[in-house]
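Next up is one chain by itself, shown in structure tokens, the form predicted alone.
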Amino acid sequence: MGLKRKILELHKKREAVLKGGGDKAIEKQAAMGKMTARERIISLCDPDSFHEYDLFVEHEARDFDMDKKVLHGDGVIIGTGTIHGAPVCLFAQDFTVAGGSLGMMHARKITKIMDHALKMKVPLIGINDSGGARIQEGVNSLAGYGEIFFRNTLSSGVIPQISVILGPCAGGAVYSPALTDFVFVVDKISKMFITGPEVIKTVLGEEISMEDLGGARVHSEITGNAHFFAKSEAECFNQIKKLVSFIPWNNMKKAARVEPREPKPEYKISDIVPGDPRQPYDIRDVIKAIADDSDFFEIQEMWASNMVIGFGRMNGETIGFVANQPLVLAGVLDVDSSDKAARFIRFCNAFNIPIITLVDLPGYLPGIDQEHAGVIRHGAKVLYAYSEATVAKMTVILRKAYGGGYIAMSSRHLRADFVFAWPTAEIAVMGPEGAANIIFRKEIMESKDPDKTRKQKVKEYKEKFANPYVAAARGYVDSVIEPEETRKLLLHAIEVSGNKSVFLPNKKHGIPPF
């Protein structure tokens, strides 16, 4: 009888905690179009795989009548589960309990599962839905955030860290997602900002909505803080599941290999890229023409669209793709696209994911706005990331590769392992028109027919320099190939690079141009 009573008592306590902030709070959450914290975890994990810890933790605050308040689980759920059979650690803030506010015990629960993830070397997924620091707990709340930030940094490059913004994430709280590898947002639900609309109105006298200040679209299109945008929570969870299928558990492993499939026949690589170098095309079609099953999982699709990054597979193995997008600004490198590429390259390198770079760009974007925005510093990040990367690096030059853009986009000089070029490749210091105008300026100006002379000199320059054979003659390009040969040669390069090892100078760490 004693054991039965104890089990009934356990069930009663569990039932109370599982209700979170109570029926009214849960109804209010649903009215906002939001799942509860537990519903989110159940939707994300494999069926019946989630195991919760610290269910009965309570806050220890005593000021401001906090000793009279019962906050079940202290507003956050932590535990372990599986996604596609692979283990993950998770936490989900419960907005129905004190608005998901972070106090000392709330933070300790999060740091406990963070420590567990690092110790067990499995991915960490954090679902953020919180009103921010619990002001009744004062500096203890701030200390809690600091402990979380420290662990984010400690785990960086060791285990994948994924942040999901499914409600407000304000003030200091936003820096934890910013320190993680991937941030997911949902339209009309996600809110991220340092200073809220009320403070902005008080200090600056400006009225702005929460959505315009830090909504999902703002962070997906303007700031670049978000990596994946979804229209619903269900779509968001499907995106997370797909991402997890592409990446490894930790930096000591490789991503799980799947059964290889040939690209879909509708993506015929020789028909995608126009012969006229001034005509745009969608570089994603080239990626789909060489990736297994033409499956390409794009990252930060809505931000800095002149650069395309994402995951695909080659012969069943996860590959990171970095490519200029001729459809947008002719694929130039600028401040934002440089940041976008560099960060992704470093993630791939940290987690043993080979990188394929597809090159078609006229160089770095000129102009006073870019210079004043720091294109030198930001552009150097791409150089640093590629030079630092020790994973297998394969490069294919499709058309234009001019000036600093040629060097930056994983050239042989930054230690690309294999560099291929199509016959349409133009590798030169600058475009033929600009080069001819500078080199032959005097001849053109003194000519009886300047236009005719200019066209003739442009043609001469193209024939002499704007082709892949000059670079190939010096060994900067390994092979000039037909477009149809691209997948076959890349598959071979990946296979050959399987046991690649690089010996680097002994140092604590480098100093990237942050």
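Quick note: we count residues from 1 along the sequence shown, nothing fancier. From a predicted model like this one, the values you see are computed outputs, not experimental measurements.
Another form exists, predicted in complex with hexanoyl-coenzyme A; not displayed. Remarks below refer to it.
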If contact means a heavy atom within 4.5 Å, which one of 260-268, 419-427, 168-176, 400-408 is the stretch that engages hexanoyl-coenzyme A in the predicted bound form? 168-176
Should the three residues Gly131, Phe149 and Met210 be counted as contacting hexanoyl-coenzyme A in the predicted bound form, with contact defined as a heavy atom within 4.5 Å for each? yes
As a check of understanding, the residue in Lys488, Lys28, Lys455, Lys464 with any heavy atom within 4.5 Å of hexanoyl-coenzyme A in the predicted bound form should be identified as Lys28
Let me know the one among Ile439, Leu142, Ile376, Val158 whose heavy atoms come within 4.5 Å of hexanoyl-coenzyme A in the predicted bound form, would you? Leu142
Using the partner position in the predicted bound form, report whether Phe95 sits within 4.5 Å of hexanoyl-coenzyme A, counting heavy atoms only. yes
Mark Ile135 yes when one of its heavy atoms lies within 4.5 Å of a heavy atom of hexanoyl-coenzyme A in the predicted bound form, and no otherwise. yes
Going by a heavy atom distance of 4.5 Å, is Pro277 a contact of hexanoyl-coenzyme A in the predicted bound form? no
Gly224 within 4.5 Å of hexanoyl-coenzyme A in the predicted bound form, heavy atoms: no
